[in-house]
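One chain comes next, on its own, written out as C-alpha cells in the form predicted on its own.
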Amino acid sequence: MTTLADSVAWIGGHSVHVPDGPVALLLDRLGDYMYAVSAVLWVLVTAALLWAVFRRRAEGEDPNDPARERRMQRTVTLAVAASAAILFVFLFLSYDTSRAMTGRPAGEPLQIRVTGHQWWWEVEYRDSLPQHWATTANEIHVPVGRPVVFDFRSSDVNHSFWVPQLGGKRDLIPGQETSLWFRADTAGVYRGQCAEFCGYQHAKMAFEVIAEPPPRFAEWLVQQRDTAATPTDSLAQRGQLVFVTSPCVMCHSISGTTAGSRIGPDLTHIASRRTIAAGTLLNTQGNLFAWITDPQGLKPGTRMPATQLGPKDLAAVVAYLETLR
C-alpha cells in the first residue's frame, strides 16, 4: 500500500524542484523566476479585469473624452512595453542558462556514451585503453562531485535523455551526436526517463543514475570491466551452457563467453543491476523468470521474443544470470 510519505518521496525523487546538482539548480532557479513573474502578472491582469468589469462610470463622465483616450493609450503602451521587457529578460536568462548547460565543465569530467534503443539504454564507459571499456544497460553509475559529460546517439528513432533532479533534457537523434553534462552533488539513486515519445513502450524506457562516493564508483567500474564470473555450481553451469547454445546469444552479450551480440542489453553483470527491462521490473528472481518467459506480456512490442525453454532449462538460465554480478 502506498502511503503519503511514499508519495512525497516519489515526487521528490522525480521533481525538477529538488535539484541535486549545479545544472539542475540553474534550471530550477530559472523556473522559479518564471513562476514568480507569471504569478505577479496574473494578479495584476486579474485585478485590472475586475476593475474594468465592476467600475461604474461617474455621473457626467464622457466616454469620448480625448484626455481619457490618451490615458488609456498610455496605459496600453506601458503594458506592452513592460511585457516586451519581461520577455527580453527571460530570453537573456534562458540563453545564459543554456550556455552554462552546454559548455564544457571545469575539472576532469567523466566521459560516458549513451545510445538509445527502442526501448532501452546502452551505457558505455570508454577509456584510452580498449580493454578498460565497460558496457552496461539502463543503469548509470557516477561519482559524487565529479562532472559527467554524456555523448548521445540513437540507433533507431528520436529519444530524449532526462534526469529531472540532475540536469536538463537532451534529444538523441539518429545520425547525429549530441552531448550534455551534469554533476551529482549528493549520493543517491535518481530516476531518468526518455522524454521524447519514441514508440509503443516509450513510457517503459526508464533508467537509474546511481551517484556514489568516488572510491565506491571506482570499485564498481573495475568490477564492470571484468569478464563474467565463471559459474561454480552445477545448476548455473547448466544455465551457461543453455544460454550460449540457445537463441539468447543472437541478441545478448556476456563478456568471457561466446555470446557477443549487441542487439539487446549486455548481460555480463546483470545481477548487479537494480532493475531489468529498462526500469520496468525490479531485478528479482521471480521477475527474471517472468521476463524470460513472457516479455511481450510485460512489455508489449519489445524486441525480445518469448523464450521457448523448458522448466529445467529456464531455472538453470535464471540461476546462471543471478551469478553475473
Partner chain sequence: MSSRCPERRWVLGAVALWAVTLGGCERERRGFHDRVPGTPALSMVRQSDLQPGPRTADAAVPSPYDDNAYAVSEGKRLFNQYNCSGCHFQGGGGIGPPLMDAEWIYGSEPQNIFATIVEGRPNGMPSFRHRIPDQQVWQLVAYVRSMSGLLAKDVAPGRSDDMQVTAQEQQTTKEHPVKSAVPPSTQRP
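In this text, all values refer to a predicted model and were calculated from it rather than measured experimentally. Numbering follows the first chain given and starts at 1.
Only in words, not in the display: the form predicted together with its partner chain, which the text now covers.
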Answer key: of T284, S38, Q296, T46, within 4.5 Å of its partner chain in the model of the complex (heavy atoms) is Q296
Between the options T245, Q223, Q176, T186, which residue brings a heavy atom to within 4.5 Å of its partner chain in the model of the complex? T245
M250, I263 and R303 - do all three of these have some heavy atom no more than 4.5 Å from its partner chain in the model of the complex? yes
176-184, 122-130, 206-214, 250-258: which one contacts its partner chain in the model of the complex at 4.5 Å, heavy atom to heavy atom? 250-258
I'd like to check something about F197: if you look in the model of the complex, is any of its heavy atoms closer than or equal to 4.5 Å to a heavy atom of its partner chain? no
Its partner chain in the model of the complex - contacting residues of 100-120, heavy atom within 4.5 Å: none
